[in-house]
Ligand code: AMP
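In structure tokens, one chain follows: the form predicted alone.
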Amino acid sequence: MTLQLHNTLTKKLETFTPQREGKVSLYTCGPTVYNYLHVGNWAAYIYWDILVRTLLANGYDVERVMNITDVGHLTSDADDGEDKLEKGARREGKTAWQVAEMYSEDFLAGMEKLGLLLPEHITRATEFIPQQLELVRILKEKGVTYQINDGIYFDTSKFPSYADFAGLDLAAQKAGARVEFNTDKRNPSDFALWKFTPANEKRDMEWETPDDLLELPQPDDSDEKIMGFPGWHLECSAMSMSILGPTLDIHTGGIDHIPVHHTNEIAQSESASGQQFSRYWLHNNHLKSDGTKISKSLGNGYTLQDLAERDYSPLDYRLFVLQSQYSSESNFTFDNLSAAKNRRYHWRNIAALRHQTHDTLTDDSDKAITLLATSQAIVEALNNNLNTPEALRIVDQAFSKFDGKSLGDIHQHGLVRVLETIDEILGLQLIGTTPDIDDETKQLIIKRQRARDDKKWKESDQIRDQIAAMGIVVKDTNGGTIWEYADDAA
């Protein structure tokens, strides 16, 4: 099988080939843990979960690093403003360390609820301070840094291809630079590698700046040490390269990362190593909410908790996200989410048919081949630049053939194999969320059928109501009597 991915670096669809046969190194930009993630944030992690699952389906061993930014992400990409963790700490009345821990735990719990595969390495920026300082040291030795009043900066003019990745117009950027930008910077595009704690200020998260990183080291007899903290861009480069090496196979993130964060990662990483930082770059598009950009002022940044309060499960939301391809802009509404919930409810009831049929001794090869082809087609759809809408269409088409069919015409093993493929590559947990009914309910269904056979309609209806009270709906179809789940809450 051939996996095709759209590479932001080359701006075209390419056949994926890793550096080492059968092995993939992958870095995913993780969350800044100063608040709950909203639906727009979660969409990205669902898409990159599909990427990992698709790589696994193609036989690759995947080693993935995903960071948790728990320090250094300022409220402005121009290295201005407050650290988001410090801001969150003030809002919550906690320390920045407490805020980081609280929202990190919530993020990891959300990953589990959404059925996301855990990366091999989940790295916290605060645990990689020595590696980040060493990267600054290397960059200083390479002559691409300079120090100003508020920190140590990367000189983008020393990296000739700085503008290439995002197609930036640096001349226009310089001409339009606002006066509130730090005028001590040599170029508007220069970015902080290490920020100094302002004089007379004490941060929750700060570390001593090594003397050898300073252009004017402190006197030996000075008790005043310059404290500081890492820049957001520095963190990702240090964590990814220290674990995965200087060149990644794939780096993922949102399209909003392209012009600043990822451009800066490339500049500092390649300046330090002299090697290409990542061979493939994948970026997910924006998810709007109610037709507009997600913003706090509009109150449309719905969290998983908000969805749960309206009786939507995380898996409903996961299916909603997969209805759009990662590179396309999409729109969240509760009507769209309801449609996804209904779709998953239908699929769960198809999955429940495996409990109601048995394979015969004589295998029906035509049925088996058809279902096997469905599994293959799902993988092929995702191999086409993670085309999840096409994969879902294939599932719909396959499941439509079960509607109204006699249980005896369903190839049980083939159905189970398709369900396993859906769960393995789409992560929808159809098997795990569709338990068999208990023996008491099965006996009641048999008893009801006997009442129907004897034309005891009143008794049949009473038993049907009794079964419904147990959370199961009995349906009489052209193909026979089947049972379904009474609600779509799972």
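The first residue of the sequence shown is number 1, and the count goes up from there. As the structure is a computational prediction, the values presented were derived from the model and not from experiment.
The protein also exists as the form predicted in complex with this ligand; that form is not presented, and the subsequent description refers to it.
Checking 164, 306, 101, 256 for any heavy atom within 4.5 Å of this ligand in the predicted bound form turns up a single hit: 256. Think of it this way: in the predicted bound form, this ligand has a heavy atom of just one of 38, 64, 53, 448 within 4.5 Å, and the residue is 38. Of the heavy atoms in residue 32, some are within 4.5 Å of this ligand in the predicted bound form. Heavy atoms of residue 284 reach within 4.5 Å of this ligand in the predicted bound form, making it an interface residue. At a distance threshold of 4.5 angstroms between non-hydrogen atoms, residue 45 is in contact with this ligand in the predicted bound form. Interface residue remark: residue 315 is not counted as part of the site for this ligand in the predicted bound form, having no heavy atom within 4.5 Å. Checking 458 to 466, 435 to 443, 23 to 31, 419 to 427 against this ligand in the predicted bound form, the stretch whose residues place heavy atoms within 4.5 Å of it is 23 to 31.
With contact defined as any non-hydrogen atom lying within 4.5 angstroms of this ligand in the predicted bound form, the stretch 427 to 455 contains no contacting residue.
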